[in-house]
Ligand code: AVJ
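Shown next as structure tokens: one chain only, the form predicted alone.
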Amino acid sequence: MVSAPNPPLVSVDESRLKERAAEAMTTARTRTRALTDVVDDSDLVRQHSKLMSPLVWDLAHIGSQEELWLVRDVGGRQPLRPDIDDLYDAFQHPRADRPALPLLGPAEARAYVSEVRDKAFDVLAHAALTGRDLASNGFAFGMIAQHEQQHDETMLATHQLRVGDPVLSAPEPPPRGEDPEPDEVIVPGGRFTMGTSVEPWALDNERPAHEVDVDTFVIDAFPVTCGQFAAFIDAGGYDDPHWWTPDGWAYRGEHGIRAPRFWLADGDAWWRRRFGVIERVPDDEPVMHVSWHEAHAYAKWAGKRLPTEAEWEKAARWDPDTGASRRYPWGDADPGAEHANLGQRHLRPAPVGAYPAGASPLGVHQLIGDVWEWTASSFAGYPGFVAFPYREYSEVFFGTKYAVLRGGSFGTDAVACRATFRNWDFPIRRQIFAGFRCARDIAAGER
């Protein structure tokens, strides 16, 4: 096992760490149950799209990873189900092939994850959260809570692909605030600290903290909205190869893509299917279910570009008064309901301007939550990167095939979302809760 690349973290009261770990794991499990109990067994075992696993695979996979890392590794306990390790190894079986595997049925999967959880909590009660890097500051428990929440977001995306009557419900997000002004923000050039070496539960690809020099640039104060993206469609944006990369143009043509996924045209109006509900596309909500290729094409059409990952993080974290990098745009405090649309609290992005308390010091809004934001950067390790605790979490995905997304979505839980958190996916992906904002180089006389 590889050691973490960073120096020991500041000691935190162990009892509070254990409370935090238990809370995070319980929150994740409550959500997992809500997503799997709301449908019948036939829905759980069905593959709703070849892009996704059956929900019952995700459920048992959550238990399998918890058993491997918490029960066996941290706890040193005997294996519960070594016979299913290979079945729930995501690298051995592509999603499209998983329905054909001899998977645990719904009742057996639920019993398994429940038994694993009981043993994991017993490990937590007796483990020393010091010494080994995996146990230090409760990292392994935080990693497992994040892993479960990541699969919960994946299962939420499966629910969006599911055909049938609506089964999920949630209150509406807060309304739009005051008219957003200005619509762009200048981010001064210079060095800032990117990544982290001190966040206890940060994952390996967020580490280590390092200095990055970014030129002055301009970034949108808000994500691109559905109304703005509809203007791109109306202007023939999907019909003009000038705005697209060659790969994007070819993919658009091969798959007949004419609008964001789940959008439906009805005369001059756009409608969409959202978790089984057909509704008008709201003009003031961040656009969602667009690929990197669509985001790139829109940005070029608008005379802009996608921000690099470093630009996005500087806009989100850099405090011009202190020169320090914050944990979140609003400061170092954990996200509250007033800051961001996270945790499946709502089942849609909030209108732009809905979270003024979550703005960065420079006045950039909704960088956390609502929609994942595509960046111009490919996924790569930071200088000094060391894989931890296993290469398959990040390192095997490094390269130009994957584009980085930042900021989280309404379906991302706070435990798995920081201003340093990095997501990645193929540029063609449209089923994920992804949108974007634009950036541009600063023009002469704007400084």
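Here the structure is a predicted model, which means the values were calculated and not measured. Note that residue numbering begins at 1 and tracks the sequence as displayed.
Although it is not shown, the form predicted in complex with ligand AVJ is what the next lines describe.
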Answer with open or blocked: the shown chain lacks the ligand, so superimpose ligand AVJ from its arrangement in the predicted bound form and check for 3 or more ligand atoms within 2.4 Å of backbone or C-beta atoms. open
What is the one choice in Ser197, Gln228, Thr154, Thr193 with a heavy atom within 4.5 Å of ligand AVJ in the predicted bound form? Thr154
Only one of His61, Arg31, Arg418, Arg406 gets a heavy atom within 4.5 Å of ligand AVJ in the predicted bound form. Which one? His61
Per contact check vs ligand AVJ in the predicted bound form (non-hydrogen atom within 4.5 angstroms), the hit among 146-154, 76-84, 357-365, 244-252 is 146-154
Given ligand AVJ in the predicted bound form, answer whether the residues Tyr238, Trp263 and Trp271 all have a heavy atom inside 4.5 Å of it. no
Phe433: heavy atom within 4.5 Å of ligand AVJ in the predicted bound form? no
Hey, in the predicted bound form, is Tyr382 touching ligand AVJ, heavy atoms inside 4.5 Å? no
Find out whether any non-hydrogen atom of Tyr393 is located within 4.5 angstroms of ligand AVJ in the predicted bound form, and reply yes or no. yes
Output the sequence-ordered list of residues from 410-427 with at least one heavy atom within 4.5 Å of ligand AVJ in the predicted bound form. Asn423, Trp424
